[in-house]
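Take a look at this single chain in structure tokens; it is the form predicted alone.
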């Protein structure tokens, strides 16, 4: 029986071949079956034929239209984030900070310098601009510096957003990204009353945290963090303050200790996040930096440690792996800007600077702080359409569709990856960048190589653990279903 091959990318891995189609479906074939398939001589009785047909790598003429429609539906689902324009809105309400982090990407200023605070007129116009987004589901995230240092403006803007939403009827959520150095009972109570999430930072043990994140006001930033996170959790519930990790040379080879600290503090997830080349991280790169290969080796060791914890009964998620697994094992889109095509910068999220300027992503305002305002889309004084339908965002979209980008268009991981146009511009002064020298590309490829290596083992317990991460359900519940 003759068959029609549908579009796919592939990669040889040891004695197997990994195939991925345009809907993100994947499978492994032996080299022999792959050769027969591509040579149009694979017999329909062959098990590989049945697998290829089930996952829409091949079809027959009588079923072609139906299969194309099914593939299109899956692809539309994967690109669904494009219809939800724009959902995440980050407000840099001040650049002041009471910490002096060695890697500070935002290049914060001393906590006494109020000239870097957002004023009420700018904050009000920012909220007005946010509510013009067509998305029915928006999240407003307050950043800094340390946003709690400009508390009155933050509080007023939350109340104003809630006032506007009485008419807009959107689903609105709030997040405050704070180091928790000086959070007050009043602020915690306000967060509880208005269902505001707390995002914070924890870089490991006391030694590691204090080394990376030095306080301007206390002898130990770790001690202040622990004391105040306990207060927050007591009022907002466990994981009331969700921490984010930044990996530097200081803690790169001690990630098992970092994970143990997260578990000890009652957290059930960690995001293994590499250092970004912005702000103080650039100035201190000799002290803090490492190669992509070093990061990936540390990531793999940490991931294996986390998997072992899960096997032993401690439910704990590695969030970046979970994002990639969601893209690999489901057709659903993820909200992670760096793994979207076209890039989610400006489409999925936008950031409003303390002075009213608007950027497509956090990294763009970091670049501006370093002296390059290339990605400024406009200001809160402009018309919404001029900002979000302007040349900057059009250039981002044009230069970030991995399906048509050189190298990416042929990459087997195309459907699971994305384009970081701001990083490309930083490294090459070109939005499309140069994949052969791209650290972003190299890191994602090496990590995806390892994830597929794990998936290829077909370890049932491991797959149950992975599905628990994707679905955010208990491992034991997933295990019962699969058994």
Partner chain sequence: MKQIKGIVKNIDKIILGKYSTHNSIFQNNKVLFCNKKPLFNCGINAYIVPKGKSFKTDKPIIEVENNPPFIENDIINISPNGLATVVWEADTPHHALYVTDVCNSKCIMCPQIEGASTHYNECIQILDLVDTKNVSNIGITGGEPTLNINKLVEVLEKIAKKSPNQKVHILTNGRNFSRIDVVEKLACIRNIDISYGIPLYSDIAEEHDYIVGVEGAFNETIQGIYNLGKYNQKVEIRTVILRQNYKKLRELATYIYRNIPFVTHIALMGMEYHGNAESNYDLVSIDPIEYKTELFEAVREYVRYNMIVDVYNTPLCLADSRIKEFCRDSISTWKKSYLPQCENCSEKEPCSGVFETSFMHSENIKPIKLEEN
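Positions refer to the first chain, counted from 1. On a predicted model such as this, the values are computed, not experimentally measured, just so you know.
There is also a form predicted in complex with the partner chain; it is not shown, and the following applies to it.
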inquiry  = Can you work out whether residue 53 and the partner chain are in contact in the model of the complex, taking contact to mean some heavy atom pair no more than 4.5 Å apart?
reply    = yes
ask   = Though only this chain appears here, would residue 139 touch the partner chain in the model of the complex if you measure heavy atom gaps against 4.5 Å?
value = no
inquiry  = Although the partner isn't part of this model, could you tell me whether residue 63 comes within 4.5 Å of the partner chain in the model of the complex, counting any heavy atom of the residue?
reply    = yes
inquiry  = So, residue 331 and the partner chain: in the model of the complex, are they within 4.5 Å at any heavy atom pair?
reply    = yes
message = Only one of 165, 409, 73, 389 gets a heavy atom within 4.5 Å of the partner chain in the model of the complex. Which one?
response = 73
remark   = If we test each of 231, 267, 78, 300 for a heavy atom within 4.5 Å of the partner chain in the model of the complex, the one that passes is 78
ask   = Every residue in 49, 460 and 467 with a non-hydrogen atom within 4.5 Å of the partner chain in the model of the complex?
value = yes
query = Among 331 to 339, 112 to 120, 276 to 284, 373 to 381, which stretch has residues with heavy atoms no more than 4.5 Å from the partner chain in the model of the complex?
reply = 331 to 339
query = Does anything in 246 to 265 come within 4.5 Å of the partner chain in the model of the complex by heavy atoms, and if so which residues, in order?
reply = none
